[in-house]
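Okay, so here's just one chain, in structure tokens, the form predicted alone.
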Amino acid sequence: MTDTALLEVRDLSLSVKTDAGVARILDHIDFSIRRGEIVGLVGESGCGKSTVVRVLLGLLPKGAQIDSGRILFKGVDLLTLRPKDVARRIRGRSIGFIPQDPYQSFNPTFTVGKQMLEVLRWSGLPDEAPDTRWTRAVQARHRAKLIEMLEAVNIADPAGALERYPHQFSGGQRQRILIATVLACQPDLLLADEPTTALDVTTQMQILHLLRDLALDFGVAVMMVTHDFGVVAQLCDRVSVMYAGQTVETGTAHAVIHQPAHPYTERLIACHPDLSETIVGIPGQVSSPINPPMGCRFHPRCLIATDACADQRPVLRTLEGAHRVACLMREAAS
């Protein structure tokens, strides 16, 4: 792993116009990912994690607009590219995506192989020109690549698997096939949006171990979107914690889990049965993106908040090394 960031998201803000007003979905988000690194993006449902994925893929929600920020991917600001250039050059080629539900990701009326080949037909292999003709020789080369990737994700009889239909595979096998399809395009960055949510506990563990091995073997950077700190503890090198569209804490997974600095991070960890002896919930609910509270957005639910927290917005400040937190109380204590 090098110190040069493959992806840098700087000061990213996104808003959406609604009938009730303008909703600030992302508010000055900052994080980075290096090659071969696995970074977790953690937070409750509705905090903006999946929106970050959509922005990186160039799939903005209807009515959305970027208010500020830069997304530097291999030194190029993705926000300066035309949508069709992102679709042709980036999405599916340099940036791969693993969706949340493997059961909804395949058309049941076509074989798995036909659908995987269709992905490669439009994305292509890295050594192919975008206008490569779909000849029998190209199809044979793509098929061989898919068999190689199916072997890498431990699918038995990969050649035969290409001739089978989605219903003939379990949920875990479908997720492995999705991962193989994405890896066949040899992306530099893999976006995984809670890829184990629809799977049983044993299969979840197998998929997490698979992602870790693939990151090591292929040097692919992975952004793991999750609400589960148990996944972060097992898989991630670093973690970025989001709340109500803002980054509230970042650092190594070990530091954030064992020495959480933000009250929200502390409460998230306290909710996890494997990381806390006494499970404690978080009172209240995530604030509305249309009318967020002034100051720190977490202060209405925070147990240590003061009057200053309702007036002044905290910014990310370094505690030690790469560990940063946005909390007025922690800043005062340090």
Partner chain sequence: MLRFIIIRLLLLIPVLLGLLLMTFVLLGLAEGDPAAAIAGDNATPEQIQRIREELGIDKPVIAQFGAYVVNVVQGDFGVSAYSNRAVGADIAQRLPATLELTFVSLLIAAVLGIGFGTLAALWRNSVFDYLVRIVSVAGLAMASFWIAIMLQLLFSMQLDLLPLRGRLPSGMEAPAVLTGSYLLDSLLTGRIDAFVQSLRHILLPALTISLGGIATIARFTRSAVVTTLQTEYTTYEEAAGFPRRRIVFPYALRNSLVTPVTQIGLLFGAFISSAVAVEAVFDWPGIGSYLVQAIFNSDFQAVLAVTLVIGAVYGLVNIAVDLAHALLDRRVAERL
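Positions refer to the first chain, counted from 1. Every value quoted in this text rests on a predicted model; they were computed, and no experiment measured them.
Keep in mind that the form predicted together with the partner chain is not shown, yet the notes after this line are about it.
This chain is displayed alone, yet in the predicted bound form one of H209, R82, H258, K114 has a heavy atom within 4.5 Å of the partner chain; that residue is K114. Shown without its partner, this chain lists T109, T202, Q139, S170 as candidates; in the predicted bound form, only T109 has a non-hydrogen atom within 4.5 angstroms of the partner chain. Put simply, L72 is far from the partner chain in the predicted bound form: not one heavy atom of it is within 4.5 Å. By the criterion of a heavy atom within 4.5 Å, L178 is counted among the residues contacting the partner chain in the predicted bound form.
In the predicted bound form, the partner chain lies within 4.5 Å of some heavy atom of P99.
None of the heavy atoms of H28 is located within 4.5 Å of the partner chain in the predicted bound form. Residues within 4.5 angstroms of the partner chain in the predicted bound form, judged by any non-hydrogen atom, belong to 91 to 99 and to none of the other stretches in 250 to 258, 147 to 155, 91 to 99, 217 to 225.
Every residue of the trio R54, E118 and R121 has some heavy atom no more than 4.5 Å from the partner chain in the predicted bound form. Contacts between 58 to 82 and the partner chain, taken as any heavy atom within 4.5 Å in the predicted bound form, involve only L59.
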